[in-house]
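Quick heads-up: it's one chain on its own, the form predicted on its own, in structure tokens.
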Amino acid sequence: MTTADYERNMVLATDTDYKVIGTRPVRHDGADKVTGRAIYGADFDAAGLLHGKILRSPHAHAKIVSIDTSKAEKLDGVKAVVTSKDFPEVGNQWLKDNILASDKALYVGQAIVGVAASNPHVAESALGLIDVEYEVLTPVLTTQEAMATNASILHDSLTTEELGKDTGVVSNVASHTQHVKGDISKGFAEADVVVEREYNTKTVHQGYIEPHNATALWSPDGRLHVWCSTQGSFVVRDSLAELLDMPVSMVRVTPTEIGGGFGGKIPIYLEPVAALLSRKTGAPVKIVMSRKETFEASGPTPGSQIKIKIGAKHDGTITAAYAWMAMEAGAYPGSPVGAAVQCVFSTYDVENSTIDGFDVVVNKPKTAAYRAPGAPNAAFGAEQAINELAEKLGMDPIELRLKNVATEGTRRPDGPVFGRIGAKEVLEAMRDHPHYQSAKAEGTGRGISIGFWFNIGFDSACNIAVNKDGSVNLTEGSTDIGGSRTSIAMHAAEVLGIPVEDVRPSVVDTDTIGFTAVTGGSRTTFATGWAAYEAAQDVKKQCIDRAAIIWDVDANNLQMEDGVISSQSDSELKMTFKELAEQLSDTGGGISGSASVNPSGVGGSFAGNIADVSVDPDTGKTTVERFTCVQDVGKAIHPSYVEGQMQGGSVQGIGWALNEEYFMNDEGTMTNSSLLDYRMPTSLDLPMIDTVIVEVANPGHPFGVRGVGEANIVPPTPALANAIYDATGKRMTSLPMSPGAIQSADAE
């Protein structure tokens, strides 16, 4: 970003005189969603459609000795069978193995064989006719087990990368990352009070309601067309091209509506299998996961082991902070420990810190992103330690945080220097909120915490075409999970000075729009909204040029404000956007604008919680009595959607804190793989969640936007842990803090 761009954006970001931005219009796709007309992946149908099913491993760790599919292939109605041998012998073998295992099964539920048949019942029957011979091995299910001496090794080819260098040592530790700032030994020597504890979290699932699904048609011309529920159609396109050894131009992906994702629908699972089956049959093939498969065979977020040590002076100045974090990657490398080490202490201005992160493979499904991946795990430890430090110092926990809070110019422990951020403003809003200022109800405990997510930018594209009636068609490539069609349309409407109802937004396929990265990382409204902003600027310029033709004047003397084009020197020359649209065919044809952006001006987001709980002394059951979420969003484009994101992240954090976990037996089988037994909170388990929107404009965006989708899931687990401690005197160092866990815990 140039200095001029920065100054222009700074002016716009601090300008609150918007006509569309900050309003609460009805979402464009609302009617289709509530009437059932919206097409989700499992709804997709096509002539000659075949149905696919996948045989999955019953073992958490086993060598695949042989696979015999001959009986299944002979079953009446079976059209094709595929195994890992049907993949081209190129590309990422671990990625292929997570789609269809080749030599080893590394978790219960791992895909082994795909079958396509005339209907799902025949395909299901065919799975029972496939004979797979396994040599069962000992599984490792936690980082502690996987990192132990003489642990069972998942990959003979995996060697540990130590601080960026390959050690050549075969182990279950894929990598060790470290960030160092200052001198931690000096910092702890200066500390008057030190808190040191270990924390553990269990594997949890994103809990989206719609299971994974995919339909593929491999056409005779060699082109592959896929329809699926995904957070990133271009991710699917590029992954398929790599796995199937074909140009990206030969793969077309159409994203259907999505019934939740939260990061879990970024990776691919079914699409390559459906594609291989379609290539063999010449027909479209659809595969839909069951709920059990969704739990066992898609990517959850990791369990983790975390050690935190923090020291401070008597006046509350934090002098040193240390974090050691090992996170489960699942069967293949790639846990979110990299994000965790970025976030763990970034809320604070700490002069001396060291952070060690370990990416560890275990015999569970390959982990996927889950809303600020890694950051909630890290905060569960760090934010409890901060509260414990405040107690030892006799300080209010918010005041301790305010004394050490990161502000503009603070260097994070992992290196970057903060621009304008709102961590201080979030804490002040929490401190001054009636919830925090009120007296606790008898028998309740109160806890607070704050969390950070860095947000991302990445590529986005947008096209805008002007219609004769003055409306515009907007096409973009970001899957709409939380109302982004409307928030993106609002960017365009604000620039053009037209009602957002006159913008017709559509999410289109990979052939129809420029490359657009995933809906994730809190980037969609920020980046794709920016693309819409720039595309609208393109349209605006063309409108001024057309008006200049109509009036036969110099375009440089014209302006367009609030949807009206006018002359700066002749007050008689005025024309509305709609009036101009009616004349386009007479002035050179239609107007269309486009933009592709890769914005670097992301601004980190901070969220804080105040939580009141009561704990039944007989059962250990925790009831959340009151819950407040405060978040800096930069600028709330659509406040209702922002509040929904804040409440949604809070609810997921509450579930993670109190109930949710993959309950695994010793053999590595998940024993609660249903929504009945995997206990997510419902409205009956929750209070009304109060939201406070803080707006510290991000100067790196035209309207001051910060991503809002993720920071809000970071603070709930430590806030509730701190509240439980306040209510019971029990310091909970493991998740979930279930009734049994609370009953068995000892008071401090």
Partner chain sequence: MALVFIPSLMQKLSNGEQRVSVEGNNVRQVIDNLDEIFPGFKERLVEDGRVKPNIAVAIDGEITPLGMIEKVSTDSEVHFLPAISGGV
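Positions refer to the first chain, counted from 1. Predicted model only: the values in this text are computed from it and were never measured.
Missing here is the form predicted together with its partner chain; even so, the following discussion is about that form.
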- request: Using the partner position in the predicted bound form, report whether R223 sits within 4.5 Å of its partner chain, counting heavy atoms only.
  value: no
message: Taking any heavy atom pair closer than or equal to 4.5 Å as contact, tell me whether V507 reaches its partner chain in the predicted bound form.
response: no
W453, heavy atom within 4.5 angstroms of its partner chain in the predicted bound form: yes
- request: Tell me, yes or no, whether K96 is in contact with its partner chain in the predicted bound form, where a contact means a heavy atom of each within 4.5 Å.
  value: no
task: Choose one stretch from 114 to 122, 595 to 603, 533 to 541, 215 to 223: the one whose residues place a heavy atom within 4.5 angstroms of its partner chain in the predicted bound form.
output: 595 to 603
statement: Among K202, H155, R420, H179, just one has a heavy atom within 4.5 Å of its partner chain in the predicted bound form, namely H179
- prompt: Which one of A339, L129, L244, A548 is close to its partner chain in the predicted bound form, taking close to mean a heavy atom within 4.5 Å?
  reply: A339
field: Contact at T143, P376 and D666 by its partner chain in the predicted bound form, all three, heavy atom at most 4.5 Å
entry: no
- prompt: Of 389 to 428, which residues get within 4.5 Å of its partner chain in the predicted bound form if you count heavy atoms?
  reply: R411, D414, G415, P416, V417
